[in-house]
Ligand SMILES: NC(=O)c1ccc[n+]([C@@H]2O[C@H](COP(=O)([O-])OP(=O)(O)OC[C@H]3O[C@@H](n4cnc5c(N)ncnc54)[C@H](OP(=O)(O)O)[C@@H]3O)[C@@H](O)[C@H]2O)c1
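Single chain ahead, by itself, as structure tokens, in the form predicted alone.
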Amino acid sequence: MSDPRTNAGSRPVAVVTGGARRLGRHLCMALAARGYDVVILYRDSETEARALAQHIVDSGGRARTLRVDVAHEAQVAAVFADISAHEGRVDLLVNNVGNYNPQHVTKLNPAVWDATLAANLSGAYYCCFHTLAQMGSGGSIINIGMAGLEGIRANVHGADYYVSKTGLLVLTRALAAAYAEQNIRVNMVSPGQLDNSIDLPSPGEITQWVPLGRAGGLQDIAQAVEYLLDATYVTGVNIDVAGGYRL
């Protein structure tokens, strides 16, 4: 496993959106363990974000928190200006925000639709845009998607979420092609049913949906992220980490 601390002779910087809780928290800890200085972006979970940063510092790493609603471009611009002033670089961006509203499409309120796409898709683009302005050669962006994007099919629940993550896949590939000459890689990791998913099937039912017969864990997603960090000849890919979910 490569050590990112050899990059340019100083500690690399990872920025993780939605980094305070659940998957984001786990990824922040994994990245800190690899030698990254971690900037934890959060919207509402200030207590959790600060506790996580303190945990990383107590473990010998470096981390700090910044509050931002990624749905608002002006806030994103201000946060990345702060990162430029303090860290001076971004080596890795993980777009982890994923607002999920499992409403039936016939009852989906336009305001909810707008909020989901603003956070999940536009917010990811804003973060990419401002990251790329200060990311040097060898940098990486990893977007968190959803399993099954390669074989899109109708789902009447959570249509706004599915649309946002499908758009994020298109954005991932467009940026990968556009920035390859600068040796900046852009990829996607798409979880399926995780053991902390809000709509996880019961243990007796999950085998009907997941061929490997179990829900995924946070470590399964972290493994895929770490693979992409080491796989310097991989860009523009989407990796389903889903145990065969939606095959």
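Remember, it's a predicted structure, so these values are computed and weren't measured experimentally. Just count from 1 along the sequence shown to find any residue number.
Beyond what is shown, the protein has a form predicted together with this ligand; the following relates to that form.
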query: Answer option from 188, 39, 56, 70, heavy atom within 4.5 Å of this ligand in the predicted complex; finding: 70
query: Position in contact with this ligand when the complex is considered in the predicted complex, options 219, 182, 208, 197, heavy atoms within 4.5 Å; finding: 197
query: Proximity of residue 113 to this ligand in the predicted complex, heavy atoms at 4.5 Å; finding: no
query: Interface membership of residue 140, this ligand in the predicted complex, 4.5 Å heavy atom rule; finding: no
query: 4.5 Å heavy atom contact, residue 23 to this ligand in the predicted complex; finding: yes
query: 4.5 Å heavy atom contact, residue 18 to this ligand in the predicted complex; finding: yes
query: Contact stretch among 94-102, 128-136, 80-88, 172-180 - heavy atom within 4.5 Å of this ligand in the predicted complex; finding: 94-102
query: Stretch 42-68 - residues with a heavy atom within 4.5 Å of this ligand in the predicted complex; finding: 42, 43, 44, 45, 68
